[in-house]
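A single chain comes next, written as structure tokens; it is the form predicted on its own.
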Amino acid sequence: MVESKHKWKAWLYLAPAIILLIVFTVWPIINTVRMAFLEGYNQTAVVGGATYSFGIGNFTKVLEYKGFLTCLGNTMLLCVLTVPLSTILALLIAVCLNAIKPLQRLLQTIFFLPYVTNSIAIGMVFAAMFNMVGTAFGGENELIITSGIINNIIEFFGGVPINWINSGSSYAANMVVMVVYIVWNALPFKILILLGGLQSINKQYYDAAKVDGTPGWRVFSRITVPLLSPMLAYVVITGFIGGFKEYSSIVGIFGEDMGPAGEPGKLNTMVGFIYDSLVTQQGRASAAALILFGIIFVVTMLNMYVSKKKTHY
């Protein structure tokens, strides 16, 4: 009886958060599903009194769009390349940080800085680093061309500068730049999660292994990785979810054209496709968003199914 008297207070305290959740999360999801099934839905035309019938035409248009497979392929490739690589690197760095006692806090802060830095700003810095041709300086008869720091390093060791992101660059070179940037940008969060997991492992396991004279690689594979498997499963799942939503990193490096100069849309992703469609075809954008949700849901369920067999609590 006493508990029931105080339930209204709990609902009162929760009310602001619930209202915001309904307005900015629940309703947009419901509205997205509604628009996806309205044939050729256009919000501007609705204001003028246009009506639309229910159907799956928007989904058909998305699948028939010539750039859809390009967007889906770019998104899938970025996920497949970046998630395993960033997870392995984060694990190795976390293990090294956990073993270092002097300056450990300082190093953790340095590794975490990219996570709190604007992704567009970071992308612009990477674009300058991988640039093939920089700004021209000098007078009328003098011309000095500067390259990005990456090509300067290549030239310093006697190599030939590579066209990474400029006009005429190859798809492979573009992907290398994107993978380097996305992996670098994803490391801080994964390192933080894995380092927290490492510090929570009971030291008795390592002490017992030391007494038995167990080699370091075997300690890593038989103790560290199994006991860290819940955190590894978490960073892999969230990594795939974040990878499928990749957009801002490409904008930061290549701009709104989503590709090198003269090749717009070359590196466009599913989220980029959705943003492009939002301007005039909200129905098609909503259908693409639901397709992306379905892909992420399936991949997440597969990851969770596999992690259940490999995770040790």
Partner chain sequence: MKVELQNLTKIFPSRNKKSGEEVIAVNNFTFTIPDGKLIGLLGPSGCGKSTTLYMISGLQKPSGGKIFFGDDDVTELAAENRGVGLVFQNYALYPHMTVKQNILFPLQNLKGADKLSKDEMLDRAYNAAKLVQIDELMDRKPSELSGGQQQRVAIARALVKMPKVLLLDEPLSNLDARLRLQTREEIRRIQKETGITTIFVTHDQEEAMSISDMIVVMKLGVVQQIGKPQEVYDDPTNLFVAKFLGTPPINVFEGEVKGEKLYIGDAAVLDVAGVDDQPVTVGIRPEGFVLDPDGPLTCNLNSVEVMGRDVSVVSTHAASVNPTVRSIIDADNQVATGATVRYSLKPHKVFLFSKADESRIYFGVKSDG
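This structure is a prediction, so every number in the text was calculated from the model and none was measured. Residue numbers count along the first chain shown, from 1.
Unshown form predicted together with the partner chain; subsequent notes refer to it.
Participant: If contact means any heavy atom within 4.5 Å, which of 97-105, 216-224, 163-171, 187-195 contacts the partner chain in the model of the complex?
Facilitator: Selected range: 216-224.
Participant: Can you work out whether F112 and the partner chain are in contact in the model of the complex, taking contact to mean some heavy atom pair no more than 4.5 Å apart?
Facilitator: Residue-level check for F112: no, no contact with the partner chain.
Participant: Taking heavy atoms only, is V211 within 4.5 angstroms of the partner chain in the model of the complex?
Facilitator: It does: once the partner chain is placed as it appears in the model of the complex, V211 has a heavy atom within 4.5 Å of it.
Participant: Is there a heavy atom of Q204 no more than 4.5 Å from a heavy atom of the partner chain in the model of the complex?
Facilitator: Flag for Q204 set to yes.
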